[in-house]
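Take a look at this single chain in structure tokens; it is the form predicted on its own.
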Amino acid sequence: MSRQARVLVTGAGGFIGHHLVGFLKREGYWVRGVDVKTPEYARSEADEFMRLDLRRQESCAEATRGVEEVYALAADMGGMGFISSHHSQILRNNTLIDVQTLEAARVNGVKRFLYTSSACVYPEYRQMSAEVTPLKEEDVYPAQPQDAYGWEKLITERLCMHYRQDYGLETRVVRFHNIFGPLGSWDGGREKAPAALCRKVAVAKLVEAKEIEIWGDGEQTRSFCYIDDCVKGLHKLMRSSHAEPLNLGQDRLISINGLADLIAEIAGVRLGKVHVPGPQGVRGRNSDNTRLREVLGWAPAISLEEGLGRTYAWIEEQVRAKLADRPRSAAGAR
């Protein structure tokens, strides 16, 4: 594939999609970005950015026309608070987006199609303990995802497999494990745990509070992968010959309490924790990266500390600006 290949990134107005567009441009690709919105925190580097609603068939046809490869990231999603309370919306919107984008890619002669799935496809019964056994790709069956988001992702993984078998479309499937970093949602309800905790710590630091709230007992565990490793892994998978679903994430397990402590240490503050009711997802989840290393000869390398340091610095800057703006907004209202 020529380095000047024309590629499409759907969801290019979102966190991962925005970073991926920048990475692909630096690799020499011509990039079309598509989303219902433009990136919120920085200008897109895409050669062409189209605001389209991919729930509509005609939008998918327009988006995929004239490109050789598609990185399909568009989705209606967010953190646990959003995923656990918008089942019908998520299942409806993401089914429309994924089915129609895949079919439009086939009709328009796209050569390769990378679908971004999620660790949410893994069965709830394999994630009942905080000390969870790392999840291997084959652990997905017998299927029992916890939420509608996971079920839709798993069904679309199957659809990609059948499009490859029936039509010869070279599909790739990646399962994200908690991607984080700057330039993503950090408030408003769609943010994920690292961003939410960075925001809570930053607010506490700046207003000189002594504690932050944690949903549940905070002993639920996850692994977290920094965005720069994520986009590098996506490109490596697209260039590989591996057609089966593949985990992409870090394999270092940490509790939410531990994550909060790490962020507080980065911020230079000591904070107590108040545990409150709230959605927690599965009890524990970690990525088994054995196949990732075998297939790509690579694994994520940026440490949690380094990634959180970069992320916290950016989110503290956002929080500081928002807090500084409040008195001016109130004065204007009067």
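Just count from 1 along the sequence shown to find any residue number. Only a predicted model underlies this, so the values are computations on that prediction, with no experimental measurement involved.
What comes next is about the form predicted together with nicotinamide-adenine-dinucleotide (NAD), which is not displayed.
Quick one: does M77 come within 4.5 Å of nicotinamide-adenine-dinucleotide (NAD) in the predicted bound form, counting heavy atoms only? Contact with nicotinamide-adenine-dinucleotide (NAD), yes.
Looking in the predicted bound form, any heavy atom of K37 within 4.5 Å of nicotinamide-adenine-dinucleotide (NAD)? Although nicotinamide-adenine-dinucleotide (NAD) is absent here, K37 would touch it in the predicted bound form, with heavy atoms inside 4.5 Å.
Residue-level question: is K153 within 4.5 Å of nicotinamide-adenine-dinucleotide (NAD) in the predicted bound form, judged on heavy atoms? Yes, contact at 4.5 Å.
Indicate whether A260 is a 4.5 Å heavy atom neighbour of nicotinamide-adenine-dinucleotide (NAD) in the predicted bound form. Contact with nicotinamide-adenine-dinucleotide (NAD), no.
Just to be sure I understand the contacts: of S117, N247, T171, Q127, which is the one whose heavy atoms reach within 4.5 angstroms of nicotinamide-adenine-dinucleotide (NAD) in the predicted bound form? Answer to the contact question: S117.
Of these, C198, L73, L102, I256, which has a heavy atom no more than 4.5 Å from nicotinamide-adenine-dinucleotide (NAD) in the predicted bound form? None of the others qualify; the residue that does is L73.
Honest question, do G17, R55 and K192 all end up within 4.5 Å of nicotinamide-adenine-dinucleotide (NAD) in the predicted bound form by heavy atom distance? Yes, each of G17, R55 and K192 comes within 4.5 Å of nicotinamide-adenine-dinucleotide (NAD) in the predicted bound form.
Looking at heavy atoms inside 4.5 Å, which stretch does nicotinamide-adenine-dinucleotide (NAD) contact in the predicted bound form, given the options 158-166, 199-207, 173-181, 239-247? Going through the listed ranges, the match is 173-181.
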